[in-house]
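Same chain, two versions here, written out as structure tokens and called structure 1 and structure 2.
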Structure 1
């Protein structure tokens, strides 16, 4: 039985090799879904922190985004989660706080650097307790291939009419896919589709509040309008867009085969590295010239402390550092497109990132309509947004049908919409 011997030896090796090791320093482990940022943390953020905080070591240990929520919950319940938890916005983290798994950090030094809007995604409904330090927001918009625009002879559109005129010209030219978005993964249809363009029509934060306090409905024309616009995109999409995945869209754009890509600021780093043409960006077009533009400026990432952490003091020191202007500057400039929510002044160096953040001056900022409170029940409104936006883009549902389904979903559980 040769295999018995081998396996026995292997088993023994396993038992010997993993007895564990001890550290003299305090080591903090960060749970995150941003595996994209591993290098930035390892090379820039962590060294900067460790330099000013001798005796504390930090390990950035991300989990793949699709597994993050489930894995984090299991680790928190099982008691093996890291000391610092990167927080999803709104209910995802609120639930952890309510379960006592995230620490209250309302009085943390440095929290005064954040306004209420910045903190809203990680604050209890009554506004009294905050449980994560805001790290970054992402801004939605459209990126475009500057060379393609020059070749076709079009300018950056500002209004709806100009937007479709540009798309028509690109389509007539025939060399480029006018609008680069697919529906295979569904989330782009909502995130880069509806969440991106609809706030202009429903009036940003005002419309969002109306939906939350029950004075407006998803079936109101101003909310349906976003879906109607999506339906108008159909003729400009690439061949077989129903099976075009997010990765496909990225590649189509970076290979120079598409002209306009509805997206968000998070894409900046990747596109810089992969495209060999100049990329520009413009905010969602307004209905008619002179209208105030509204952008989706979504508070997306925060960081909190595991209530079961054995290194609370060190973790607190880290969070205080994250709340400082120093971190705001390092983070924003190492990850162009992820904008710190700090009200302390910091400079953005990347030109494309500058373009995105400049919209904060000219346009009203708004967060995703389903993010706060409205996705708390079943059916989950954000999920419905994915599916219905994709259905509208696929042409399998009319804008009115899609809006009605979402309204019905809300009405089924949300008291103020009943």
Structure 2
């Protein structure tokens, strides 16, 4: 009798153990280059997902940004990559999809929350397949020192004429550098200069598509206009701006020595932490009153599924959650200045972040003109934009010369621009 009872108890234990094993948690691993986001993922994003998805555990395992592409490619090729892949925009991620290493998620639940501009960085050239869920974008514009504006007696400009009138008054006051940007690192002249202000003049996505389709050229007046505006900035820049680095510009502004800083929303957290004054923001001015404003709402980061994942159902559940308003709110508010691309309503808590994202309601969104297709050849258009934008700001080339060099570069390798 005792032997029979023992056998029953033992069998019950085995069955319990088997049942526990059969329902063990699935663990998803996320590959990313954003190691600076580790705390946000560990403390906010992952706990929120796991709370609503019992049985799925998530591990965020970033790689150093400079090593990410090579390390990720090696892990994908070797079959050791994580289930979820944080996607850089455009060609790098597109190449992974073409190799069959990222899954087609075109029909994923929640993708209806993202428009064509939001998805363009992770969609095939023909627009038919999407392979990463858009996570966030950065919005370009101008930040300004509210105390300086009050002291000088100027208001936020809306038009080109108002913008230069404000700069003239700040310059006449003499206390502040009117426009805080340098050219030592070159990239900021394009990223915070041309890419920031030029979409207003060339028509945003319409103009960008025309370049890709070959129906417009960089030497057309509407593209040259952005360089012409950069040239008009020269009298308002600080002494020795040619040797001024990106970090120099950041310090100049946060120390209260500059009034206006051409930049983007990625600066919000740092500037609010390091400035003793209230920071405001305004979008790129339009040519004249009544014109439609256009902002560079640039796709920055997405996430997709490793096609070789052994946990596809769990990975799909995570991607669907990333496409939800809940994720949009958590991510946007945890990283002010990195805005969800979702069209679904979600609340933004930071006042300065609210200002930036409010422009989506009144302005057309576009992305950087060189980001899609046009930087695949040599010379690389994006790299040329850095050099030529800096040359224009330095006064060593005219706007027309800069535009011609970029057009000549495109024509040398891109068939639709020959």
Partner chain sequence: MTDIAPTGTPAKPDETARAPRRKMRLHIAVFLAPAVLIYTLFSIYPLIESLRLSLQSSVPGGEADYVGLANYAKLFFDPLWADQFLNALKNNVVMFCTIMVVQNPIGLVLAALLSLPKVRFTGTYRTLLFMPTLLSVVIIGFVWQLILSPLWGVTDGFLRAIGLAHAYKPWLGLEGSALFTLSMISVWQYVGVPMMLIYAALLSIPDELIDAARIDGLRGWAIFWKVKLPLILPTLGLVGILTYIGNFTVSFDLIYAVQGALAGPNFSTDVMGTFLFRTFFGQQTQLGDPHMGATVASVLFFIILAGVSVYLLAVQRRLQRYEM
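Positions refer to the first chain, counted from 1. Definition used throughout: the rigid core is the maximal C-alpha set that superposes within 1.5 Å between two forms. For clarity, every value in this text was computed on a predicted model and none was experimentally measured.
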Which number goes with the form predicted in complex with the partner chain?
1
Following rigid core alignment, is the displacement of the residue 45 C-alpha between the two structures equal to or greater than 2 angstroms?
yes
Core-superposed C-alpha of residue 276 shifting 2 Å or more between the two structures:
no
Verify the C-alpha shift of residue 104 between the two structures: is it 2 Å or more after superposing the core?
yes
What is the magnitude, in angstrom, of the C-alpha shift at residue 313 between the two structures when the rigid core serves as the superposition reference?
7.4
